[in-house]
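Given next, in structure tokens, is a single chain: the form predicted alone.
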Amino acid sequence: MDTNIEGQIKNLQEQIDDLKKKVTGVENTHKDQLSLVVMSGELDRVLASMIIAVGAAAMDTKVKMFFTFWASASLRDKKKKGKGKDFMSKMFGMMLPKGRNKLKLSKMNMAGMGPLMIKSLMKKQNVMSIDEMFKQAGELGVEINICEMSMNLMGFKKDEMIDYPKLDYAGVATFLADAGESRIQLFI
């Protein structure tokens, strides 16, 4: 063969190998992972978030939840009190629900009856309660990060949050790094 043709073939093969490396690199940038922002402090949305998280984890997808703003109130433990709160923090603490079982149903709270109605329907139809969903999520390895900025704004303290196996405190940069690696990102 002509050395010029051999050189062109070799150059072409090098380009193909380089493209294969780039394609493989792009294919491997996303993990089988779900990153979920939970912002709403309403029961229907927290329930939807937990149903999606538990379902994905049961299908062997790694799940990372980021609770921020109003949703962070759903992670407060009704039996715990935060120590060292200033006046504004105490006011937020009194006005916001203390835990997931004190959340309003939705914007249509049905004169306060909404949460009782949906919980009754869930029980009647053998749907896990929100407490059971959190327990199942913990057993399946779902990670929950609470937004530190939101906690600080609302005056929540770490010592008043729920006990959960994979609970941590993080900022938006942590969420964005997780979301950047995730195959699926959701905002609820």
Partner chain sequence: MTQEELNALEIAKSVDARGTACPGPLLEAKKAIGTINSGDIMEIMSADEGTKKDIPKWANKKGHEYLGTVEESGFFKIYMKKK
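Residue numbers count along the first chain shown, from 1. On a predicted model such as this, the values are computed, not experimentally measured, just so you know.
The form predicted together with the partner chain exists for this protein as well; it is not shown, and the discussion that follows is about that form.
If we define contact as a non-hydrogen atom of the residue within 4.5 angstroms of the partner, is Val127 a contact of the partner chain in the predicted bound form?
Answer yes; at least one heavy atom of Val127 falls within 4.5 Å of the partner chain in the predicted bound form.
Does the partner chain get within 4.5 angstroms of any non-hydrogen atom of Thr61 in the predicted bound form?
So Thr61 counts as contacting the partner chain.
Do Glu139 and the partner chain come within 4.5 Å of each other in the predicted bound form, heavy atoms counted?
Yes, Glu139 lies within 4.5 Å of the partner chain in the predicted bound form.
Examine Ala57 and determine whether its closest non-hydrogen atom to the partner chain in the predicted bound form is within 4.5 angstroms.
Yes - in the predicted bound form, heavy atoms of Ala57 and the partner chain come within 4.5 Å of each other.
If contact means any heavy atom within 4.5 Å, which of 66-74, 146-154, 37-45, 118-126 contacts the partner chain in the predicted bound form?
Careful reading of the contacts points to 118-126.
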